[in-house]
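For this one, two forms of the same chain are given in structure tokens, first as structure 1 and then as structure 2.
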Structure 1
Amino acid sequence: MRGVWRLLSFLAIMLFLAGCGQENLSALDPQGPVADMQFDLLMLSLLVMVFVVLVVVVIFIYVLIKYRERQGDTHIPKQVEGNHRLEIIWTTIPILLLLIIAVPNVVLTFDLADTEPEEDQDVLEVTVTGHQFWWEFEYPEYDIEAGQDLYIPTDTRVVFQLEASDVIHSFWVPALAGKQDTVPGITNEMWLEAEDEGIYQGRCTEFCGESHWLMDFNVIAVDPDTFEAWADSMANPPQELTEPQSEVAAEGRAIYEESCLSCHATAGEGGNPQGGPDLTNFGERSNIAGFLEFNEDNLEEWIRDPQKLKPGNSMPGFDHFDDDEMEALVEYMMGLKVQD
């Protein structure tokens, strides 16, 4: 009886954990054509496996009942050395089931490898570079770069050139598409498309170091007109971004230029290939460092000791700033917005 309770407890825990998840971070809720195709394959494989399990369970129960030991039954059952008909059946059926799974998988693999758009379909090319531990997004057509937040237009095929600057990472947006590795020295390709506007969560799924589990990003799908406006504002940032209006923000910019600009480009200035993400539109982000809630307290904590919050990243700490300097820097960074 104890074994039965253990089994029931285990099943209850599994069912509870199966319900855990985050919005837009599930391959079981597809939001685009690539995710739809992959979901269909998943369901096909699941149905085949359920069919096999049910058949095995039915045969198992039938055999248990039909050939159970009965009172007074002392004879030895007839020994059967082989049955060619049964052997052909249980060899043929698995082959057919494997073909049912394999053929659609092979066809879909070639379809997903083909990044060429359909006739008259809009296309956006993005170069994705994985770093320890953040994501860089470059839009060659618009000559702009962004970090952590990937803006894409809806109903547009987005073709990615996937690269890595240090170690192997893996780019995954479960609600929109399957994962693809980013490998140093190799460029991989994949594509996806978002049907509806929204924020879709993505993350790295290849262990890449101490803070691998914090290497998250957002895919922000907007309508094409909104995307064009965003891209134009990133390429031509507003005057308020380059010339802060308040004295405190102006002081913060001076601190930023002295301590941060060599790694973090802003409005087309500064930065370097081994630096951190572009911060042109930092004030519009939904989180800090990919995982912290976006607010002034978290930004100050991140600037003072980033290694405490995200171990192994390449950003140094700035705990030497006094309160006034930190207040000015935070105010300036929170105001880095290209759109109202």
Structure 2
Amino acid sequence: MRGVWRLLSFLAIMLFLAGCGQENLSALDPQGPVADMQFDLLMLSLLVMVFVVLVVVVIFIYVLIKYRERQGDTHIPKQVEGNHRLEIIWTTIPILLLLIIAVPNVVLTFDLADTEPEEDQDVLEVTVTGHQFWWEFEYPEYDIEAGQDLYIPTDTRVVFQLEASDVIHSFWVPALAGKQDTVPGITNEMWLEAEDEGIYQGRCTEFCGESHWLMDFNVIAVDPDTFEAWADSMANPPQELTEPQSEVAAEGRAIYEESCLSCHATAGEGGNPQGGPDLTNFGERSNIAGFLEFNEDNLEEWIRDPQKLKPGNSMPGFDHFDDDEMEALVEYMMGLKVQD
């Protein structure tokens, strides 16, 4: 009976979960063609495998009920050596079942590895670099760089060149596509497409150190025109970013130049290869540090003690700012926006 209940619960949960999980995060709720194909293959293999489990469990339960030792039964069962016909049957049928999965899998494995776009399809190239514990996105065609939030146009084949600066990470956006590792010394390729506008959650899935679990990012899919406009203003950021209008923000800019710019490139200034993410469009981020709610308090907490929130990252704490300095700095950073 145990087996039946297990199976029933399995099926019930499967039905319940098809299309479940958080919409912009779950691989069970695919939002683009790559994730779609992978989901279909997953379901095909799941179906075949549920059939296998069913067959085994049915025989298992039958045997247990029928041949269980009864009280007072002392007969000696017939000692059977085996049966060649049965052996052939349970060798052949599994091979056929496996072929049902193996053939489409080989086809799809090659399809997914082929980053060449179909005819007339728009293409965007992005170089992704994994760092402990944040993501860097470079758009070589536009000569721009962004951290943590990956903007992509919808209905466009986005081809990624995946790299890593320190240890191995893995780039995964479950709702859009399966993962590919970023490996130091090697450049990997993958592609994906988003059908609808939206914010999709990304994860690092290769264990990469102390704060591995916080190495989240967001994929922001916007329509191609919006994307062009965004890329254009990232390349030519508004003057306000470097010369803020308000007095408080100007004070913040001064602190920023002194304390932040050497590591964080902003609007084409500053930064260094060992530094942190580009902050040009920081004011439009979906999260602080990739996982905290985007608000002023969290930004301040982060600046004061980043090691507490995301231990092991390379940013030092700036707890020596007094409240006024911090307020100015936060005000300035919140204004780092390239869109209206």
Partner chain sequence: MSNQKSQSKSTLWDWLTTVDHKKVGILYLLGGAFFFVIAGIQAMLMRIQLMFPEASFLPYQSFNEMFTMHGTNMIFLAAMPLLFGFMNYIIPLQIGARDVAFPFLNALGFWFFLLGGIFVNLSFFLGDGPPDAGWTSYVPLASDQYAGSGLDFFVLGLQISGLGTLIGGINFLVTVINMRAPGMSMMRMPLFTWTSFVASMLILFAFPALTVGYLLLMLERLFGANFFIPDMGGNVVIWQHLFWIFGHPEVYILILPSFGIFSEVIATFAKKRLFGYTAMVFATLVIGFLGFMVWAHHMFTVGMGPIANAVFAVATMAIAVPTGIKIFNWLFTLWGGRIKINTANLFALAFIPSFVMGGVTGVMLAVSAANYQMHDTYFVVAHFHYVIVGGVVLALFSAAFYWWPRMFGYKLNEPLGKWFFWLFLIGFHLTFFFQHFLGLMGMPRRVASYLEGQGFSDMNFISSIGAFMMAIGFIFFLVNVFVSIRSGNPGADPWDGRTLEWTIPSPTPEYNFAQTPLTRDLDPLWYEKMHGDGRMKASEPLGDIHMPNATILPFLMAVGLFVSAFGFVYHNHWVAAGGIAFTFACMFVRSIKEDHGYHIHKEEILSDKEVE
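Since the model is a prediction, treat every value here as computed from it, not as a measurement. Just so we're on the same page, residue numbers count up from 1 along structure 1's sequence. Take the two forms, superpose them, and find the largest set of C-alpha atoms that agree within 1.5 Å; that set is the rigid core.
- Source of structure 1: the form predicted alone.
- The residue from Asp225, Lys66, Trp90, Arg70 that marks the hinge of the rigid-body rotation between the two structures is Trp90, the others lying more than 12 positions from any hinge.
- A two-part rigid-body description fits the chain between the two structures; in it the smaller part is rotated by 12 degrees against the larger.
- Taking the core as reference, the Cα of Pro77 moves 5.0 angstrom between the two structures.
- CA movement of Val57 between the two structures equals 2.6 Å, with the two forms superposed on the rigid core.
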